[in-house]
Ligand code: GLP
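Okay, here we've got a single chain as structure tokens, the form predicted alone, with questions on binding and movement later.
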Amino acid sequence: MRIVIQDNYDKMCLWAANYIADKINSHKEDRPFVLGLPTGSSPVGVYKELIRKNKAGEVSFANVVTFNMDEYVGLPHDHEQSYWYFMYDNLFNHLVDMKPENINIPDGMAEDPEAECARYEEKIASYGGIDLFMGGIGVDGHLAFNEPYTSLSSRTGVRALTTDTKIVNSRFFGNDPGKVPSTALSVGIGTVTDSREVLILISGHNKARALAATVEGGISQKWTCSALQMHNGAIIACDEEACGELTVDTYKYFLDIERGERL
């Protein structure tokens, strides 16, 4: 596991955007570069920098296929809190060469949610899997909507949201947890860890305990993020505030490793 510690959120996002752009630009295979994407507050800064790079001609999305992590069940695309709306508002509408047919987001309005999840897994497989999956984690360490005690080998499926998650997400629904959908379609932990690389963004002191569990704790379904310990291509980009629960030795170790790679 690689841990990249940056001074603040903005520098973390800049590092992550540069990393993603470099991976897209260095992709030489005939097939598209397949990119997994999250929603939420964590990736907004990354998306802003990718948009800037795209408009400046520094990275092209013409040969990029995207798969989003999740979507609420029961929210139409034009609902301001649907993840479909979020992605177009924060990224896709601003890219100059993103092809609409290359954008994939789970359909929360599907008549048969389970069939939609199976279709989504099959479509990911049809592209040969995901090259790089960017994501974030919740304060309880959940990755996508894989709440604590979700199987670490899970695939895309229907997930029930915990009360804690609904409370956290209620800030987008007028601070009313009752307005937050109770279920969502989400890629599984196994779906994410099957990717060739996984890049997780963790910022803020409220995520410090989750970062410590991801890096220093044991592998456990209680912290679904801990599955990253088993991935050879796992990278965590974090800011200083998120490092508050790491032991001093761990913090210094990863700073030293990154410093050595830059020499």
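Values in this document were obtained by computation on a predicted structure and should not be read as measured data. In this text, residue numbers run from 1 along the sequence as written.
From this point on, the text means the form predicted together with the ligand, which you will not see here.
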Using heavy atoms only and a 4.5 Å cut-off, decide whether all three of S42, D70 and F145 touch the ligand in the predicted bound form.
yes
Look at the stretches 134-142, 115-123, 74-82, 94-102 and give the one with heavy atoms within 4.5 Å of the ligand in the predicted bound form.
134-142
May I ask you to check whether N169 falls inside a 4.5 Å heavy atom distance of the ligand in the predicted bound form?
yes
So in the predicted bound form, does any heavy atom of T165 sit within 4.5 Å of the ligand?
yes
Let me know which residues along 192-227 have a heavy atom within 4.5 Å of the ligand in the predicted bound form, or say none if there are none.
K207
